[in-house]
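The chain below stands alone and is given as structure tokens, in the form predicted alone.
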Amino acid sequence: MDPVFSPVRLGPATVRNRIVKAATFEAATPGGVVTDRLVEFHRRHAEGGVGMTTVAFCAVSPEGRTDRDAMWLHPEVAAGLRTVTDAVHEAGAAASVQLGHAGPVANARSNQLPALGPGRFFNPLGMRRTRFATEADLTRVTAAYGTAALLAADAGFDAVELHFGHNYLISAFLSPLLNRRDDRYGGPLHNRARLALEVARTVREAVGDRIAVTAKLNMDDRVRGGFGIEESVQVAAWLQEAGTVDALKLTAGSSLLNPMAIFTGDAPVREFAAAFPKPAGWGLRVSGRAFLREYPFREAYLLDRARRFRAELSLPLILLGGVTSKSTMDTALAEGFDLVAMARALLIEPDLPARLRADPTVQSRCTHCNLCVPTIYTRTHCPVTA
């Protein structure tokens, strides 16, 4: 059997092939509730042939939402999410949910709750400063991860993905640039990594071997003075040693400080400015080129960094970033990566995996224009096909 389309074990779960639909905020949960549109979004990707689709972004507490239209995982939302997992399973795919706390990336104005951070700094989206996260806050948030993971298991998910990237709360604590604390959560790396390790342990203890536990880890913040690859490899090794995660999905960039490094390709400043509320939209029109820096797209643009992790870890790894062709998938698996994750290419063609299985020479229609990215504030889709 073609390795890309062969089943793979992910902790206690079996995934029918090696292609994961990466988490892309669906903008399908107005008021933070599950809708038919969210169900159909993931049903479409499951029917299109992915091995597993990932619901994004589900906060573990109300202030951890990116904004008021993001879900936070409490019992009523979990009941609604059962309709998502049922639809995905009916189509033969596995279902994962991304659990996280937006931390300093949260829009405090929209949430009407303070955004937490390792320190106090200004968030231009919410036009407010973050609140210093006390140890009591961190204890509460850590426990909330365990509760949310258990609710996810009860809702029928096959896996949870812990968001340790993009300078969301846990990633912000990992960053020496953002984390200037002098308590046991700041300073040397083992302190800055404490929150990540505690969250992973709490989640594993909550769900045991009922479902898979993965983590989306920044390899590099792509910000001067931020979290970099040397420290990231060490954190990954600690997670592997603890046995708390079944796989790592490797990412890079900062939603707070360098968002286009997450995507590469075109930087649609005008469309971002139109999508943001005032006065943030005005600011983007004036200084958007400085904030939304443009990086040329190339296939598998995170592979070079990810090879370092593959060389030093035995833990299963998921390659993310510019995976759009069958040849790239073949390369990733040949180099020892266990799965690959796709996002933008599946927004334009949800059935791309099925088409690649039928004809490995099929070329993705995605041009990496990134016009889809600003649509996460309204209805996530590819505007080129709208």
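As the structure is a computational prediction, the values presented were derived from the model and not from experiment. So that there is no doubt, residue numbering starts at 1 and follows the sequence shown.
Unshown form predicted together with a small molecule; subsequent notes refer to it.
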- line: Among Phe309, Trp72, Phe263, Phe272, just one has a heavy atom within 4.5 Å of the small molecule in the predicted complex, namely Phe263
query: Just one of Ala341, Ala332, Leu352, Ala59 has a heavy atom within 4.5 Å of the small molecule in the predicted complex. Which one?
result: Ala341
- prompt: If you check in the predicted complex, is Tyr185 within 4.5 Å of the small molecule, heavy atoms only?
  reply: no
field: Residue contact check: Thr251 to the small molecule in the predicted complex, 4.5 Å heavy atom
entry: yes
field: Residue contact check: Thr85 to the small molecule in the predicted complex, 4.5 Å heavy atom
entry: no
Proximity of Val373 to the small molecule in the predicted complex, heavy atoms at 4.5 Å: yes
Residues Thr24, Tyr301 and Leu347 all lining the small molecule in the predicted complex, heavy atom within 4.5 Å: yes
message: Can you tell me which of 45-53, 319-327, 31-39, 354-362 lies within 4.5 Å of the small molecule in the predicted complex, counting heavy atoms only?
response: 319-327
